[in-house]
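Below you will find one chain, with nothing else, as structure tokens; this is the form predicted alone, and questions on how it binds or moves follow later.
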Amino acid sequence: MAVPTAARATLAQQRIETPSWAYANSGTRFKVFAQPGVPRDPWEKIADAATVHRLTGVAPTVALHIPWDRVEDYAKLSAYAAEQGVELGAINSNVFQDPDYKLGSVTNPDARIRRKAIDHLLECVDVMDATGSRDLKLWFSDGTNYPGQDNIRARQDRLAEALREVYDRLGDDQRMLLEYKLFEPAFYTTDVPDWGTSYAHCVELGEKATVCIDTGHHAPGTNIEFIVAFLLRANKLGAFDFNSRFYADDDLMVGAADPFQLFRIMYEIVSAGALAPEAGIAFMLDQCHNIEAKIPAIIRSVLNVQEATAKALLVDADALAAAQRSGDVLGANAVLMDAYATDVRPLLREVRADMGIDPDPIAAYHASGYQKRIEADRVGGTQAGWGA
């Protein structure tokens, strides 16, 4: 299949943000398995993220998580990132690990605890100011486990009030990304359980509030590409948290469980002309590599997004539109399936070669000796991770 020059250029300019926490130790509710060479601080996380960018050419930003990545001098951290060839991306808040948040953070019945949570969110905006970050990403574990535990409407009021205070603190070039999750750790009601709830709050807040779609945060069988299309049409899609799930929020490598779904999502993005950085959508990974090596897994995820994007760019838009206009159901489906069935790996190897990087990033990583160096250098101290 002939590949348009524009498609090659688009692939070379793709941008995928990696998360600092994915380089650290993680696990299930039952156990965290430590790995040798895991970063001990944000500086080492950035060094790993910069390695991924050097090998893939399309991962120039790394997201931070506060307080996991809290430092005394964020300007110094930003300068270090620049020296490494990357920039600091979204700032992620954490209002789910403090004991005070057992019954919720910004929706907690206790006004003192709500104030504490909001103050943390405002601290994250301060971090944005210091790092030059555009995006504040919010996820709330808030919810209830039992009927009658709390007033559902009152919790939505508290949520709206907290979001408004934080929204009003944002600068002109900053925005809020409101994530959602169907369940866990709240099992009766979750205060932001789905894209519709996130969307409703974002509409109420204003143009600087947008929805973040986490691809692992939906009920089984949910048509995620419909959500993508709807939010694109409403100009309310701000970001993705890419990962895979077999059952719930598995946080596996993106494309591992359902690569066809990832292709369908990326086709909606491509068909809407929303892939370019100026479209404003942040394509971020949000994954936990519990049993696999961290950096190769992140590289593999970046490659999976690239492959899905390349296939989406190969869809014959004219043929698809003609089949749709004529009501040719099978013909329209065949156009999509032809693109999906295309082996785009040779194309991406060519794109990387044209970019001046190794066509095989995984092989290049193993040949670089980086893993052996960090295992030898990062001895002693406390490895980064969220514990379990």
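Sequential numbering from 1, following the sequence displayed. Every value quoted in this text rests on a predicted model; they were computed, and no experiment measured them.
Another form, the form predicted in complex with another copy of the chain, is not on view; read the next lines as being about it.
A residue is said to contact a partner when one of its heavy atoms sits within 4.5 Å of a partner heavy atom; T197 meets this definition for another copy of the chain in the predicted complex.
Contact check for G327: a non-hydrogen atom falls within 4.5 Å of another copy of the chain in the predicted complex. Contact annotation: E123 falls outside 4.5 Å of another copy of the chain in the predicted complex, judged by heavy atom distances.
In the predicted complex, another copy of the chain sits within 4.5 Å of a heavy atom belonging to E184. Of the candidates A160, A279, A75, A82, A160 is the one whose heavy atoms come within 4.5 Å of another copy of the chain in the predicted complex; the others do not. M253 is the sole member of L262, A90, M253, A312 with a non-hydrogen atom within 4.5 Å of another copy of the chain in the predicted complex. Only one listed stretch (205 to 213, 162 to 170, 189 to 197, 127 to 135) carries heavy atoms within 4.5 Å of another copy of the chain in the predicted complex, and that stretch is 189 to 197.
Each of A293, A297 and A341 is positioned with at least one heavy atom within 4.5 Å of another copy of the chain in the predicted complex. Looking at 79 to 101, the residues that come within 4.5 Å of another copy of the chain in the predicted complex, counting any heavy atom, are F96, Q97, D98, P99, Y101.
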